[in-house]
Every structure is written in C-alpha cells, then in structure tokens.
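Only one chain is given next, in structure tokens, and it is the form predicted on its own.
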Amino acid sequence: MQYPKDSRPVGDLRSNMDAYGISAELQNQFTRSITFHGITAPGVFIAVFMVDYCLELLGAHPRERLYAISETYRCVPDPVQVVTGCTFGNHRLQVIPIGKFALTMNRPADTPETEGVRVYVDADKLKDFPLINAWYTHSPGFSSLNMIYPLIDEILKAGRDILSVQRVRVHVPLKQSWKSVRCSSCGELVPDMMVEGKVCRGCGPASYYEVISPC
C-alpha cells in the first residue's frame, strides 16, 4: 500500500481519540505501536484494539505471561509484541499466515490443549463502515494517498465494533528435546529435528542465499 508522503505523527490524531472516548492508556499503546511499526498504518490501529480486546476477555494484565497467534504477518504482530511482550524471540508469539486479520491469545498450559480467545475482523460488521470496508476489501475506489487519514479516523470511531470474538481451544505444542548435528553440506551446527537426509533446511528446501566468499 502506498502512503502519503506527509505522514502525520500519531499525536495529531489525539483529538480524534479524545472525541471517541479512547483512554489515555490505549492512546499510548497506539503511539508505541506506530513508532515500533515505523509507519502510521491503519492495520496497526485495528490490531491495537484487537490486543486490548483479547486482554480484557482473558482478564489479563498486559505484562502477564501470555501466548499469541497471529493469522497474518501484516500489522498484527507488532502491537502484540509492543503491548504484551509476546515476541518471536521468546517463543510466545507465533504467526500462522492464513491471510486472516485475526489474533488468538491464551495463558500458559501444561496440557496438550488450553482455552483461549480469538478476535477477528468481522466482514458483516464492516458494512457499517464504508471506508474501512473499501480499504479492507481492496476496493479499486479506495485511494491510500488521499483517504488514509479519514480511514484511520473511521477506525478510531469504530473501535471494537468491527470485531467479533470466539472462545477457542488452542493446541499447545509439546516441547521437544534435541541435539546439535553438523550439516553435511554447509558444515554448520543445527538442531537434529531440522535436518533432512543429513542436510539442513538452509541447504535444502529453505535455501535463500548463495555464498560469494568468506568475510
């Protein structure tokens, strides 16, 4: 998506947030998430509402130990990391890229399954918000160059009204024991579970580079 060159800081949207009764805490989450994301993206505002909704449904504090699954790489993972501390690095954030603007969150569990909540953008509810609907469905009538800020204003006005929620049962992956083995192709150490026929995935199906020379 192409954004206007004169991208406004989130602070310029504060008056809109105040007008729609958005709390100071949530406004701070918008600011931090947009700063982390790098651009004033409409999807980040929706994602912040999603994270806040999940926390409320779970009765959880933002810094409580939680786990999250985003169903897209677009926008959603960044507010999750900023607000909750669930990150890729601490293995508490997972992305399953199935193309849905949805987020599932749950508490830790020692069992193979646990209950959680899933919040998603509801296509039926978008009909009440024409700008959001046009943007979300990639309508040719939507122009990101001159409609982006009216869109964000409509997102702030809509808040949770475009979201729906489900109580879900989440499959908890079992911790696997592993040992390091050397790849027969590159010679680097990798977990044995990531070797196929003595070759690591980086030399096999996940190869993405060619070595030019050692530094």
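Nothing here was measured: the structure is a model prediction, and the numbers come from that model. Numbering starts at 1 and runs along the sequence shown.
Another form, the form predicted together with a further copy of the same chain, is not on view; read the next lines as being about it.
- Although the partner is absent here, residue 107 lies well away from a further copy of the same chain in the predicted bound form, with no heavy atom inside 4.5 Å.
- Shown alone here, residue 146 lies farther than 4.5 Å from a further copy of the same chain in the predicted bound form, counting heavy atoms only.
- With a 4.5 Å cutoff on heavy atoms, residue 128 does not count as touching a further copy of the same chain in the predicted bound form; it lies far away.
- The shortest heavy atom separation between residue 97 and a further copy of the same chain in the predicted bound form is within 4.5 Å.
- If you take 161 to 180 and check each residue for a heavy atom within 4.5 Å of a further copy of the same chain in the predicted bound form, you get 165, 166, 167, 168, 169, 170, 171, 178, 180, in sequence order.
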